[in-house]
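The chain below stands alone and is given as structure tokens, in the form predicted alone.
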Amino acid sequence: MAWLISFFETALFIALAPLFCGWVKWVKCLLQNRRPPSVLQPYRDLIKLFRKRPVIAAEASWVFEAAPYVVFVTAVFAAGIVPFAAHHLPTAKVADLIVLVGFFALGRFFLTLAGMDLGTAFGGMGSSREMMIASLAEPAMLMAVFTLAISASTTNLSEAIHWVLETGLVLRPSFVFALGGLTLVAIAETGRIPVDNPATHLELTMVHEAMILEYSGKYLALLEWGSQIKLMLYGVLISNIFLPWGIAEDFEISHLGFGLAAIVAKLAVLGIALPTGETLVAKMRVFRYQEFLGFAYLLSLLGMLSHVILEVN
């Protein structure tokens, strides 16, 4: 029964990721006084891409064709270990924050290789920018992870969530700083404004889009779906680590339903906060990325230091 619930939760996570992205786009269009598309539009786009026959350059190697599958599979595995509506699942034993960072890094590695595989100017430019962002974002994310790990005495997601629920609602400066650092990292890692703009093809601003310009058909669909899952992953992480109240602690139908309703409500709020922030700020220039992610690292470091100074007995 527990494994069945775990598989169903993972499938639901993957299925709802395009809906979350559709909700973010819908809210953003309203904030910018534009007519919004349907929140179901990402599903229609994916279906259309899966029906198209992909066009592959003659110079492409096996890396180019394997990268979309690796990106999508790593996103699915990450979704499988992140607690969604319940956290005492069989996958809890491997639900480790360090493993999650490794999944993200593996998908990014193959995507950057694929961007350089054809030798195009845009692909190489996007890959170099992506690795620059990753080299700055991963230390900040790991520092936020270590802040949580020191507080909960574990890097296991399920155990950390259980610890937060047991200790109750307490204002911890370390968690406030770690939340700020992880939020900035999530913005950079998912290619959102001000670091990247997912709705542009301008040479001076492209990062993620530059690496996938040569993809079409099912390969592009897998990459787009993988990026949608990654965006929702960060939303679920922020919601369930720092505000886990409502998540189911057993397998009763009523508790699972309440847990699902709670995470949907949290994601709906995040889906309003994200486009609101993107509407209020402008896309920054590339050489400002280090300042943005340096600040994220500083926040995460302050979180760890404040835990040592204020919370360690």
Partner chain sequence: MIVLCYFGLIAALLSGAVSLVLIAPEWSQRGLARLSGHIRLQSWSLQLTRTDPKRFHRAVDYGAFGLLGLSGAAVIASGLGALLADNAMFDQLPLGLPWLRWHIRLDALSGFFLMVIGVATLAVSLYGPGYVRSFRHGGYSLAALGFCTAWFIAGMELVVISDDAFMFMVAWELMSVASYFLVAFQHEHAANRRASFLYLLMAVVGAIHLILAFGVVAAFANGFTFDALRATHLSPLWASIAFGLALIGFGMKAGLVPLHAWLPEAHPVAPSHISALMSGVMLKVAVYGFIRFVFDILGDGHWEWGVCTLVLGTASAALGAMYAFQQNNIKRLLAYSSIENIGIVFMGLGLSMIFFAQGHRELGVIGLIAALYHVVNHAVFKTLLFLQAGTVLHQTHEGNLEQLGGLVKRLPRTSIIVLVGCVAISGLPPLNGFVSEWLTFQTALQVSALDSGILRSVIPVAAALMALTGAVTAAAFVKVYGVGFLGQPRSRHAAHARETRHLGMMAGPAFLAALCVLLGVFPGVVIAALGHVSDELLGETLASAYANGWLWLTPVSQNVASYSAPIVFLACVAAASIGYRLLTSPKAVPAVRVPRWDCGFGGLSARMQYTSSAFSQPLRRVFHPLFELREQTVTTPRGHLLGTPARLDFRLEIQDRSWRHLYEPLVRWIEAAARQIGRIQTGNIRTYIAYSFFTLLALLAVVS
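Positions refer to the first chain, counted from 1. Quick caveat, the model's predicted, so the values are computed rather than measured.
One more form of this protein exists, namely the form predicted in complex with its partner chain; it is left out here, but the text below deals with it.
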Answer with yes or no whether residue 53 is in contact with its partner chain in the predicted bound form, where contact means some heavy atom within 4.5 Å. yes
Is there any non-hydrogen atom of residue 96 lying within 4.5 Å of its partner chain in the predicted bound form? yes
May I ask you to state whether residue 242 is within 4.5 Å of its partner chain in the predicted bound form, using heavy atom distances? no
Given that its partner chain is not shown alongside this chain, does residue 125 nevertheless sit within 4.5 Å of it in the predicted bound form, heavy atom to heavy atom? yes
Spot the stretch among 254-262, 268-276, 39-47, 60-68 with residues whose non-hydrogen atoms come within 4.5 Å of its partner chain in the predicted bound form. 60-68
Just one of 84, 234, 215, 77 has a heavy atom within 4.5 Å of its partner chain in the predicted bound form. Which one? 77
Non-hydrogen atom within 4.5 Å of its partner chain in the predicted bound form for each of 4, 27 and 225: no
Check each residue of 149-171 against its partner chain in the predicted bound form and list those with a heavy atom within 4.5 Å, in sequence order. 149, 150, 153, 154, 155, 156, 159
